[in-house]
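Read the single chain below, which is given as structure tokens and is the form predicted alone.
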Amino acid sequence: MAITADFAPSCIKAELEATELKGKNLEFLTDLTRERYHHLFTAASMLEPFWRTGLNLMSGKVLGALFFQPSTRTRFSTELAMIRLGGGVLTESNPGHNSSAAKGESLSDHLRTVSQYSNIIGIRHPDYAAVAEALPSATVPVISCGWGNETHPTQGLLDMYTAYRAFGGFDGLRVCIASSDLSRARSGHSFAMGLAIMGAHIVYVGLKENPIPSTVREKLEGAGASMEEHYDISNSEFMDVMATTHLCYLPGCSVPKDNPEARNAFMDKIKDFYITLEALEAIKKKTGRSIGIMHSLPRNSVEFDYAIDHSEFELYFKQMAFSVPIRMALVASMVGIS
């Protein structure tokens, strides 16, 4: 061991600056390099002790939160991240009805307007193409809090940070992403994009009738993803595949309740991927590994056994706790601190 020239006390400002995210938008997790992820995760680790108590890094700064789609976890944790950093929040949970968007204001004008009042914007929107077209009108950094079926990088980021904290890194990590509708699994795809950059192996399980969107596949291939795919397999085959991994991620159902036909179709087909506590215990007995179960939430009873809640395999509620410090690090990186 040797002392190096850069030996010094830890510095949160240096870690945030090293992410090179200041003034930039976050659209896809393939936009970050492995080195930037390391700095972001280090900053989040430094902020963890303050995710409930707060600190004063963003005094006078404002987050504009625009949620054109329903949200609990993403909205609350994004807003709380700014509050815990010492900043303020201007929020609209239904801008399609309660803002000037209801009077026909274009999304471009809406983003330009909100930029006047905010230092950073977090937006959730059902149409990826519409946001991508309007994005240049924003004059402050913009975070994707879920756009269309393609991208939800802050969810993927907190999933990555949870895996990082659980396993200490990504070398040799194998992650299963399972859904009966991979065409809508934006949180799972965002997680996969980050995993691809970090060198983890991705194991997709799904149905051929609901394939991975072409935009997502192009991003993964461009990142040189180590990936395998399994389609239309039985539940026992799914358990065999999952036994080769360390984590199983369930993106859940993003089909709204007001589309009962599509939602019921999802619920019926996801049953083939049902995970029981007994199956996880059997895998552990056979392999010696505890397979972590992650879920973007909200969950549905047809996806996995709720008895997993009280087992060593549960990671889906822990993900929520990790979502605040990683979003604190993200917001502080994109806005910058003095």
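One-based numbering along the sequence shown. Note that the coordinates shown come from a computational prediction; the quantities given were computed from them, not determined experimentally.
In what follows, reference is made to the form predicted together with ligand CP, a form of this protein that is not presented.
(request) Name the stretch, out of 295-303, 48-56, 272-280, 25-33, where some heavy atom lies within 4.5 Å of ligand CP in the predicted bound form. (result) Stretch 295-303 is the one.
(request) Would you check, heavy atoms only and a 4.5 Å threshold, whether S71 touches ligand CP in the predicted bound form? (result) S71: contacts ligand CP in the predicted bound form.
(message) Can you tell me if R124 lies within 4.5 angstroms of ligand CP in the predicted bound form, counting non-hydrogen atoms only?
(response) Because a heavy atom of R124 falls inside 4.5 Å of ligand CP in the predicted bound form, the answer is yes.
(request) Using a 4.5 Å heavy atom cut-off, state whether T245 contacts ligand CP in the predicted bound form. (result) No, T245 sits far enough from ligand CP in the predicted bound form that none of its heavy atoms falls within 4.5 Å.
(message) I'd like to know whether Q155 contacts ligand CP in the predicted bound form, with contact meaning heavy atoms within 4.5 angstroms.
(response) It does: once ligand CP is placed as it appears in the predicted bound form, Q155 has a heavy atom within 4.5 Å of it.
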